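Shown here is one chain on its own, the form predicted on its own, set out as structure tokens.
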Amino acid sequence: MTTSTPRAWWKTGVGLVLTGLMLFPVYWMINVSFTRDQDMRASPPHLFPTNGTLDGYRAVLDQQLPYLGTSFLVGLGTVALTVALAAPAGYALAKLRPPGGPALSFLLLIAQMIPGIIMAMGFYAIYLTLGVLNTLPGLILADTTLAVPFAVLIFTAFMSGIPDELLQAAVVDGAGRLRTFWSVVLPVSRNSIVTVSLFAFLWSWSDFIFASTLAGGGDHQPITLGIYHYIGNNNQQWNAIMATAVVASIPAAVLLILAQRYVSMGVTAGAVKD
């Protein structure tokens, strides 16, 4: 006991130091959001906003709410479209085992390696021809392409753990493949649905490349572009930038806290115990 306790304290201390280093940018973001413009270049910098101001948060309420609303719409649309496309595909690869399934899974892995800027250039040319540039559906579709390959792989891995006896019982009761998928597979795959929905929403919420390329000239722009508009050649409103970043981080943090239980649970536990 005497040798393990100091070792445990040493590990705890290292963990606290590393956690503090990782969380320091978050603290500094919050600190700067309350700092006045004239105090930004103070030397040494203020570790606490001694003469704090709410000007940055007033700017958020006055200017950034439309951008936040657009990001919510894009995020929800991306989640809905991703789940609608990826869940049936994952079910097919996991349980129906179509010819060429392993090759398709490999192609999905390759698709995740394509740089976003290359995809954005391709989407720009296509959208310009189709007339859907600077539209919400176009941005939702583009963000969905980022999430679908990952989502299909997640659904495939999760649904592979569903006992075949569960599906066979549904077939015995007269359910077809579609009914089995809708009434049996989806309910027991809620953990994978939450996982895919969370990552799809976070990817669309934090997307900048597609937003700036495909929606930069439209009337409806996401919050990433709202933050970018504060940065100019001769003007950087850092307290407004950081205040907007703080507000934009709240939905992501809340979703991570609420969904962590479902993300960490396996589909086998959900299928057998629930």
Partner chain sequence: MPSTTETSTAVRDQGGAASAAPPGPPPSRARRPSRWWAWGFLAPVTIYLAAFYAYPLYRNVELSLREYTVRSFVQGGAPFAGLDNYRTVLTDPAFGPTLTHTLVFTAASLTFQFTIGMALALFFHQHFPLSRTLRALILVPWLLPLIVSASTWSWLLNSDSGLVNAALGVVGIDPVNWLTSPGWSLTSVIIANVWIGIPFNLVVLYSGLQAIPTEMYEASALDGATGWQRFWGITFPLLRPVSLITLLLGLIYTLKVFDIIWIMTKGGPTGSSATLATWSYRLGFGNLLPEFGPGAAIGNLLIVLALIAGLVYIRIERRQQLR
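Positions refer to the first chain, counted from 1. Small disclaimer: the values here were computed from a predicted structure and weren't measured. Here, rigid core means the biggest group of C-alpha atoms that superpose within 1.5 Å across both forms.
Just so it is clear, the following notes concern the form predicted in complex with the partner chain, a form of the same protein that is not shown.
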*Every residue in Val32, Thr144 and Leu202 with a non-hydrogen atom within 4.5 Å of the partner chain in the predicted bound form?*
yes
_Interface membership of Val74, the partner chain in the predicted bound form, 4.5 Å heavy atom rule_ = no
*Is Thr70 close to the partner chain in the predicted bound form, meaning a heavy atom pair under 4.5 Å apart or at it?*
no
_Check Val152 for me: does it contact the partner chain in the predicted bound form (non-hydrogen atoms, 4.5 angstroms)?_
yes
*Could you tell me if Ser183 has a non-hydrogen atom within 4.5 Å of the partner chain in the predicted bound form?*
no
*Since the partner is left out here, which residues of 56-88 would have a heavy atom within 4.5 Å of the partner chain in the predicted bound form?*
Leu85, Pro88
_Is the shift of Ser249 between this form and the one not shown large enough to count as movement, that is, does its C-alpha move by 2 Å or more after the core is superposed?_
yes
_Rigid core superposed, CA of Pro45 - does it shift 2 Å or more between this form and the one not shown?_
yes
_Comparing against this form, do Thr19 and Phe201 have their CA atoms pulled together or pushed apart in the predicted bound form? The difference is 3 Å or more._
closer
